[in-house]
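Next up is one chain by itself, shown in structure tokens, the form predicted alone.
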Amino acid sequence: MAALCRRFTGFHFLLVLVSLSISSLVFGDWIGDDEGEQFTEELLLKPLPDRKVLAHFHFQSTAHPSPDSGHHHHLFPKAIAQLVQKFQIRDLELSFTQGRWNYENWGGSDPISSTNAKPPGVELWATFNVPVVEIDTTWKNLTHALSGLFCSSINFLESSTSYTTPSFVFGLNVSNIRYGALPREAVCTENLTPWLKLLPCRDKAGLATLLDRPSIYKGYYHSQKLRLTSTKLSGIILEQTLTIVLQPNIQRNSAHSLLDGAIQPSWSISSMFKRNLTGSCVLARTSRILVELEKNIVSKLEELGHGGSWSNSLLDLSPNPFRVIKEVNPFPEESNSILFEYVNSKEYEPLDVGIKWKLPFVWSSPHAPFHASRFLMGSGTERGSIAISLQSTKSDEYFRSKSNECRMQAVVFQVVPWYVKVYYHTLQIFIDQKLQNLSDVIEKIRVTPSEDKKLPGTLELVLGYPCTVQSVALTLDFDKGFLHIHEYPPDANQGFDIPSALVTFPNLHSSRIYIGDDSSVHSPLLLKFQEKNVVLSYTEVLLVPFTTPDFSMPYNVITFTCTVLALYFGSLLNVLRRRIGEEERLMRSKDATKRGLIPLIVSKITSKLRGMPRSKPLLIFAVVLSVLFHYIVN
């Protein structure tokens, strides 16, 4: 018996070792193996000057090149790998945006505004590793695949009237890139749900559990982006970002909140998202939360003598951060921004990061040197003008100090639908409200005229002007085309949307450098901030009113015609099918067999009156006549 027990114990121990070895082989690549697939999740929180809070979610999935790439995946979404393999995608960026980024209050030269501030609606651009003759077909098939994957109307970009080929605005290969935008596309939970399904833990664990739908869509700005990069050396890198601007609930907990309203509202993760954060996604290599204080706030703290303290007379940051990361500013006389890092690793204790403000404080976010905007000029429904304005923000002392030696470059990219017929020869450029020669300002230009029902119009130009100018304006005249009735949208009286124009400043970059290399080695978000991203700005979406036909007229014509035809054919069939002789005989037979009501009453009365005296019948007859007269009159 003892020998049997020892034999069973040895067999059981061997089974446990085999199971542990298999588990290590299977799950080893899932968590943190540099040679396998990786997944990281990060959240950046930043208070904004206009009493709002920026929440930026960053999820990154990496699939290193392997012989089984595209067939077997543990963490990387298989649907994205199949898209890359089928359509030979090199780079792809897809964004769903609701609202417009406020460049004046939320910043225009930081990494978030340069990479995650997107135009309203849907924006898609992609480059392919296929021959030039196959790019248009590949693009159309890709739009249909993405439309089904994200439950949206991206398939409308398959038409040649909806996409174009930029030349130099994105700095990519000219022949292999396609760009399209749908400014009127509505963004809802139907787009967010498939986006979350690409995450290994979806929204069941980790930072994604904070994505409460009502909290997200009641914000002032919401943009979900998917960035895909595929190379033979690094494999496939999928970046999923969700940028939200929320208004925290104002809590009056102190006497300072009764001041002039300049004090910032206190907030926390649980108060903004209505959920508690408990633990990270078990498949994530890193899960962290970063709280950023801009350099203007840090400058105020330094004036108060607190420096990089997270608990001082101005604000309280709770709980205590795990690490403090400082930015290295190239200008020593200026203050640096600060990042407070929290590691999300406790499964049973909620991590509720928040800021409590103690004193009123007003600051401004860093702006781009020029603020871009676009508007319409003219009146009427036949013609008009498009104007793009660049107004100096006077925010960069470096450029203003260079006087006339410094020159600014601005790249303008604008796509106009074919039914807005732009006359590009009417281009005029004004600098400080003075008309300039085009050859003195334009360094490079590319124009693709529109073709009716075939191609949209595209304008790309590089402007060069001194950094000391206060304003730059471009104007273009256009005529409004005539559309067929079936080419109007269902809400045609609202007008037609022209996608946002893109203005980039190639001389300016929004990269940041942080002290300590170990702070950004395992943080894809901080590595993204250190890239030299070009400062850019999207303009407003233009709403162009068009002359619309009377859409009720076809209905009126159809109903009137049907009524006339019904009356005509009804009368005609009645005349053709009537038999006059038979009808007359039938009427005579009915009159002979069936008497009317009044004759029947009279006959009955006369039959009863025959045996009465003469005075009584006359009296009764008079009474009956009076009753009948009274009934007829009333």
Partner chain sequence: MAGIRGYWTLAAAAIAFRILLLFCLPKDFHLGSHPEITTPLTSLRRRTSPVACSWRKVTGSSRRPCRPTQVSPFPRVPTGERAELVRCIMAPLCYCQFSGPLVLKDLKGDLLISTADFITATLIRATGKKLMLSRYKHLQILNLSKLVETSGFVDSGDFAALMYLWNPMTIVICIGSSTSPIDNLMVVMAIYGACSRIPPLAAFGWVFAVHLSLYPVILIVPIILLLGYGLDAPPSKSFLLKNSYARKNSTLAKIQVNSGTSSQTDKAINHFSWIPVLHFALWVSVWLGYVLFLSSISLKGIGSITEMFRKTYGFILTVEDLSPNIGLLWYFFAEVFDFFRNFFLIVFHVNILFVILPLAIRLKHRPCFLAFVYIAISSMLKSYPSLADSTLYLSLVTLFSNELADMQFSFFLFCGYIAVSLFSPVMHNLWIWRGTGNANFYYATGLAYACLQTILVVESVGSMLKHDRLLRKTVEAEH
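Each form is matched to the other, and the largest set of C-alpha atoms that superpose within 1.5 Å is called the rigid core. Numbering follows the first chain given and starts at 1. All values reported here derive from a predicted model rather than from experimental measurement.
Although not depicted, the form predicted together with the partner chain is the subject of the following passage.
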| Interface residue in the predicted complex among L527, V343, V447, V324, criterion: non-hydrogen atom within 4.5 angstroms of the partner chain | V447
| said: Between F413, Y514, F156, F478, only one gets a heavy atom within 4.5 angstroms of the partner chain in the predicted complex; which residue is that? | reply: F478
| message | Test of understanding: in the predicted complex, would K421 fall inside 4.5 Å of the partner chain by heavy atoms? | response | yes
| query | Can L455 be called a contact residue for the partner chain in the predicted complex at 4.5 Å between heavy atoms? | reply | yes
| Contact of R383 with the partner chain in the predicted complex (heavy atom, 4.5 Å) | yes
| task | Evaluate K204 for contact with the partner chain in the predicted complex, applying a 4.5 angstroms cut-off between non-hydrogen atoms, and reply yes or no. | result | no
| task | Work out which of the listed stretches, 72-80, 554-562, 139-147, 349-357, brings a heavy atom within 4.5 angstroms of the partner chain in the predicted complex. | result | 554-562
| query | If you line up the core, does P554 shift 2 angstroms or more at its C-alpha between the shown form and the other one? | reply | yes
| query | Relative to the superposed rigid core, does the CA atom of T563 travel 2 Å or more between the shown form and the other one? | reply | yes
